[in-house]
Each structure stands twice: as structure tokens, then as C-alpha cells.
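Below sits a lone chain in C-alpha cells, taken as the form predicted on its own.
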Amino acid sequence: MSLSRFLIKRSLQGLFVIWGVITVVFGLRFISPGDPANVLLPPDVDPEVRAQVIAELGLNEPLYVQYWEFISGIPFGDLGLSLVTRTPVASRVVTKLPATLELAIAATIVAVIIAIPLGVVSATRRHEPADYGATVFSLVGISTPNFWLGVMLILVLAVQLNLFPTSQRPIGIDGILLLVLDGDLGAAADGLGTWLWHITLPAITLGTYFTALITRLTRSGMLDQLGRTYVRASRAKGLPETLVRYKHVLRNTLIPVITVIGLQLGTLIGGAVITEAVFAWPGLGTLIINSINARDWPVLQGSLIVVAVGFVLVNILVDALYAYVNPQVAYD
């Protein structure tokens, strides 16, 4: 199967998954307690006014009519209106999305920079103190809850040592790019420093589990590759050990690591809710929590749909990249 047919097949499968997510998200509103009209109306409102508001929201329509109205606008970017602010949900989600993407990508970069070298050292120095240290780090990283780690980092590094801010995002990558395009490189450099200062603790918090996972995966992959026949043949030919380890062994080890990194990136986009709440990071996670507290169902539904679409797109991209990196993998 060619790459184009492979991408078409994966895209169709992704559309089916997105449709399933949309259907589940739509149904959640009907099985959850409470009435969306209560968000807009006081408890002692006149029944006639209440009935009028329900009719305006379309909540008195048959279920299939509501479902069609909900799903028909999504391909055109129409996610409805917020019950609280009466503003388009799509605009609110798009406004918050860059902050979540920045956090997820920053956490991935932190994880990759730390985990791959640590996994390589652990594998090449097996049963040595470096290996034991990497193993302990991985176990601690996998076992530590993100919310607890975030609170501890705030208490120690932000409150006690005053090295980092406790919360907020005064500038984003989009704002820095605008400064660069305007030619104000000094302000852009200052903005980049401020952004790095504010995103460090949230990125470490979100990426710790990911770091531990990639470390263990890299170590096990390196150990598996080091025992292969081609490694013994390369050493027998007199190739330098550094070349064998880092050009041949590490390259083959990174093929499954790339897949996990891509899949985890999609997971980080959806899993940043708790981290954003701890650090008051103004992304989709904060928007989801606020919409749950306010029972603003259209905003919650729109946010979950965008997260699902992002996860599917990342999966398709990873599948294509994996097949490109390893041509022996069939496009199936």
C-alpha cells in the first residue's frame, strides 16, 4: 500500500473516531444531572419565561433534531454558543488552544532532552550506579502524581527560593512571533525569557511521567539492540564503539520511541487539565474546569472535541512518520 493510500485510510479511520467522540460528548449532557437552563435562569423564574428560554436553546426539540443541529455545524467550525457568555465556543477554544499546545510541546521537549540521554547511559552502563540511579528516577517519575509534584515545585522553587513564578502566562509564542515580525527583537528576546521563566515549572510537572516512560523505553530498546547480531558484526569489523552505539543502535532504538513520543504528545494535550489548574495556566484544561464548574455544556463539548481532533491528527502523523523512518513497516 502506498503512503497516500495509507494516509487516506488512516484519515477515514480518524474521522470515524472523531464522530464517535462527538456522539459520546453530545450524549453526556443528557445523562448528567441538572438542566442547562438553570445556568441562565434563577430558581424562582416564571415557568413561561423558563419555557421560552428552553425553546430558544432548542432543548425542547427531539433528541435526533438536537443531535443533527449539534453535529451539522462542527465541520464548519460552529461549536455553538456559550451558555454563560453567549459568545461563540469556537473562538473561546481557539483562544485557549495555543497555551495548551505550548505546554504540551514544552513538556515533550523536556522529556526528550532528559530521557533519551539518561536511557542511553543506563543501558550502556548496566548494573552500575548510573543505571541504578536512572531506574530509581524512572520509578519515582512514574509513581509521582502530577498535581502533587506541581504543588511541591511551587512551594520549594517558587515560594521558598523565589526562582520561578507560581502561575500565569504573561506572553505566549504567538506574541513573541508578532514582536519578531514587527522587528522588535529586543522585546522578543525579553518575551522569550519571560515565557521560559513561566513555563518551566508547568513543563517539568507535566513532563515528569513522560520523562520516566521514555527513559525506560530507551533503556530497554538499547539493551535489545545491543544484543543483536549486527552489533556484534559491526564490532568485529573494528567500528568504533561510539559509532556502533550512537549511529546504529540508538537509531534503531528511536523508531518505537518516536511512536510513543507522538502518542504521548496527544495524551499530554488532553492530560494538561490538572497541571493547568495547579499553575493557573490559561489553556484548554483551565477552560474545561471552568466550564464544568459553570455547567457550560457547549464550551465543555467544544473543548473535548478539539482535544479529540488533536489526538487523532497526532496519531495519523506519528503513523506516517514511523513508516517513513522504518521503510520495512508495511502500510497496513
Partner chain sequence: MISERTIRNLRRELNRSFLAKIGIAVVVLIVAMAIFAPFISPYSPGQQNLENARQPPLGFSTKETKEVTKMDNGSVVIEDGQVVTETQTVYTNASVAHPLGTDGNGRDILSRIIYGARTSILVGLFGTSLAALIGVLVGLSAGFYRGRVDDLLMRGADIMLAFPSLVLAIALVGVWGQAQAPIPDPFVVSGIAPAFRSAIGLSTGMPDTIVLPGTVIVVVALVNWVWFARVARGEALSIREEEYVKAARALGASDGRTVLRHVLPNAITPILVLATIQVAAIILLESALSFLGFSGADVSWGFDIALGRQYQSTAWWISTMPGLAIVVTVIGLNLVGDWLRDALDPGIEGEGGV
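This structure is a prediction, so every number in the text was calculated from the model and none was measured. Positions refer to the first chain, counted from 1. Rigid core here is just the name for the largest C-alpha set that superposes within 1.5 Å across the two forms.
Same protein, other form: the form predicted together with its partner chain, not shown, and the subject of what follows.
- Residues with any non-hydrogen atom within 4.5 angstroms of its partner chain in the model of the complex fall in just one of 210-218, 196-204, 179-187, 82-90: 210-218.
- Contact with its partner chain in the model of the complex holds for none of A106, A134 and V314, as no heavy atom of theirs lies within 4.5 Å.
- Using a 4.5 angstroms threshold between heavy atoms, R295 counts as touching its partner chain in the model of the complex.
- At the 4.5 Å threshold, heavy atoms of I154 reach its partner chain in the model of the complex.
- Its partner chain in the model of the complex is not approached by F76, whose heavy atoms all lie more than 4.5 angstroms from it.
- None of the heavy atoms of L63 is located within 4.5 Å of its partner chain in the model of the complex.
- Contacts to its partner chain in the model of the complex (heavy atom within 4.5 Å) from stretch 112-143: L139, V140, I142, S143.
- D224: CA moves 2 Å or more between the shown form and the other one after rigid-core fitting.
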